[in-house]
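Shown next as structure tokens: one chain only, the form predicted on its own.
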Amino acid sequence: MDRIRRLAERASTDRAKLDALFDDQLVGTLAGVHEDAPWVVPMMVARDGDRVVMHGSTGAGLLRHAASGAPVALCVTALDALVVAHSGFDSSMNYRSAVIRGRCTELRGADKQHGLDVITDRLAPGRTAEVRPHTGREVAATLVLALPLTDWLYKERTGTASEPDEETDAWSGLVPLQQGWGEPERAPFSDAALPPSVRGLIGR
């Protein structure tokens, strides 16, 4: 694991912070080099213990390249607040971010089924118990990758605006970002009652 040199005081080697970030975010960006060109692909991510699982079409070029063992990087970022300082230069954001580097493993057999269930339950906890299992055709059409949480860098900013070193009348402070799921909207063809997995999202 390399060392963060720029604003190194914001770096952390606390694995609990890394886990909390992945448990809080649904989307990351997977980066690699395929056919001599750089690629960055947004991916749904789900932490499964000491690894991150992702899935996509078996026809996706970058995913097939990653499945072959090519090196990749995965970045996940959470924006927590705007830091409004006395000047534009000193304004910032409170954030949590991590970059994971390594080589993916393609999941197969029972481990692949487990990975798909982890991803489904990451979307809505408990959902796998409410819907049918994945069909063989669906499993065959899906590539499931696991990236180990071994080579990683974590960085965050917390706190309010820094005290200015000059006279100013400008307002300074923090504007927290608040996010939450809205009221579920039933599909026109669905008559089923709202399930616990979806109901549990409300208010989170």
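Residues carry their position along the shown sequence, with the first being 1. Since the model is a prediction, treat every value here as computed from it, not as a measurement.
What follows is about the form predicted in complex with another copy of the chain, which we do not show.
Discussion item. Within 4.5 Å, heavy atoms only: does residue 67 come near another copy of the chain in the model of the complex?
Written reply: Contact check for residue 67: no, nothing within 4.5 Å of another copy of the chain in the model of the complex.
Discussion item. Is it the case that residue 151, even though its partner is missing from this view, gets within 4.5 Å of another copy of the chain in the model of the complex, heavy atoms only?
Written reply: Flag for residue 151 set to no.
Worksheet item: Any chance residue 193 has a heavy atom within 4.5 Å of another copy of the chain in the model of the complex?
Response: Heavy-atom contact with another copy of the chain at 4.5 Å: present for residue 193.
Worksheet item: Looking in the model of the complex, any heavy atom of residue 105 within 4.5 Å of another copy of the chain?
Response: Residue 105: no contact with another copy of the chain in the model of the complex.
Worksheet entry | Contacts with another copy of the chain in the model of the complex - residues in 80-113 whose heavy atoms fall within 4.5 Å | 82, 83, 84, 85, 86, 87, 88, 89, 90, 91, 92, 93, 97, 99, in sequence order.
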